[in-house]
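Below are two forms of the same protein chain, given as structure tokens: structure 1, then structure 2.
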Structure 1
């Protein structure tokens, strides 16, 4: 019996916004994109709106007391404008299309941004307020106006390593008069892969070669099949080496790897970090991966249950970080 009661008052359930419990299912965003329709939108007067209503009430009282028809007329004018603001606010969100864009790398406890593509349709959308529906103190919403298709960059709340649900996103609008607030909650069905936080006090990168035996500097590395012969642009690379075509696909510049460029190789090994706890180890390994990648050292990664041969490249880096992110979870 006690457990039943306990389950009724489970903390998680209390944390869910009442609106989600009531209207949850229709607020899911299928396939990462949604266009807001009437079923998505809610509207209520704001506190300023209640004050505005009080103002009109006062005007009506004064008008009645002094039999003043112009005060009546203007009270009605303000009232009608306020009532119209209801559908005007609603209309500012109605029909707005929002598309979720695959985010860049996200590291735990580091500020990261989620990008949303806003398609305003035939009318400009003004003063859209985005905020995360997270428990605790509500944070300042991000204000965005979209006259033309625009990109909304929202700072994600800090998240833990691993797969994270995208927090529920609240999109609200008080345009044009601030007396009504229309809003919707967006529940994306996507998950965010959050890499471990790169450690700030990581031991130096293990130097290659590591001891003697099979791992020697002269060893030829097996080239990762994903290896694309490119490396991120580094200041000082001559312009002729920049891979323009590949760079155009993304935000970053890439340089072509020169033939005969020296390639050192390192192993980033879980076992070398004996005596630290799991998260610490993952954090240091993450830092090492980034460091090796930055210094263009071919690196291999060994985890207790997974390993990858030394290689370089974006795909390799991503593969390694993914393993670190998901360590200990179902892959």
Structure 2
């Protein structure tokens, strides 16, 4: 895994924006969190700011030509307001702390949300503009103001199966007058694991063991005493069996499975999908994993170079999806 991440990071170095290459390592984020300092920030006048500066120049020419003290005073007033606006724009980003939070699940070719924890510090931050640096595909920035620690939620662009680098994050501000624009580019040294896109036309979920040479009904197994899987709540379940934490994360109640409960066993086998290409097989297996997990069926997964015994639970589901995501990669 480490060698794969290192090779991906070297290959992506050549694709970074010119500002990242010129600014060097000071714009790279270590550990998933950073606090913006002066070395992170850049500031330039906007088109409105250039118009504003031109107006001041014209006023100074008029005041000099006609020796008009009132026009001089007005030009100097506008100049001082512009300088103060430049300071305020830069200060709106200075000291802001940003941390990205690991998303739960990302599937290929589907947009997902990436959450950023914002810590404004001692002063509120106004009209922050968040967007992904995607050359050739300009995005509408997400505007966020934060007076207290807050979460910013950004939609990630669709990604391919496997390990994907987090896109370069552009953070900008035109507050308060819009005549200056302060910005920074942040590149997180982390990769997102993207699962295969679940097939929309997958065959029915297999209900018999694969690769055993006989066509029997779905097997049934007994759950070990230390099994920590969940099942939908059924009327009559005692309160001590209700999984309150898991239930609080959704809209339905779940109960813990007890020793001696039996359940159907399903094998999800790569060989059952002969005649299909690799990505189609992975897509169908991903759909089967999600369906078996939803129906609370104990399922095992068989790939050409890897297999896992039937089980249930969030950890088992993620283990299977991870293998599907990294299939064919150097692990």
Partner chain sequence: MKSRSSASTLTPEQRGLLTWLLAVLTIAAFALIGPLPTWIPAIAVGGIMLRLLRLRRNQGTFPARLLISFAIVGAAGVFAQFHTLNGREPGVALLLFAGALKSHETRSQRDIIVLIYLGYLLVLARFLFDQSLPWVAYGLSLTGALTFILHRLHAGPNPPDWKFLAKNTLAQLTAALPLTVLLFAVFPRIEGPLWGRAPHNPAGVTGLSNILDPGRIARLAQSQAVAFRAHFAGKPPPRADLYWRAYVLDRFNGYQWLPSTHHKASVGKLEEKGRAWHYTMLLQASSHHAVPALDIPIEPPAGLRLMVGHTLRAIKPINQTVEYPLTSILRHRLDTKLSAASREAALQLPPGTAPRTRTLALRWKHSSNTSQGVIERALAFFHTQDFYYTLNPPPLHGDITDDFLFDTRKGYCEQYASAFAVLMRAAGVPARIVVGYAGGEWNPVLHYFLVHQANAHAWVEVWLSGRGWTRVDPTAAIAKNRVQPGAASAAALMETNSSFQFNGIRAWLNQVNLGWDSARYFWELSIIAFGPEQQRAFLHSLGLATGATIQGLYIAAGVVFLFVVIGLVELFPRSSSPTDPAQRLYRRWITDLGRRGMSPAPGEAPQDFAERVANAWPEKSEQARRIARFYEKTRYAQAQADEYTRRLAVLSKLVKTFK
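Rigid core (definition): largest C-alpha set, two forms, superposition within 1.5 Å. These numbers were taken from a predicted model, which means no experiment stands behind them. Numbering follows the first chain given and starts at 1.
- Where the criterion is the form predicted together with its partner chain, structure 1 meets it and its counterpart does not.
- With the core held fixed between structure 1 and structure 2, residue 73 has its Cα displaced by at least 2 Å.
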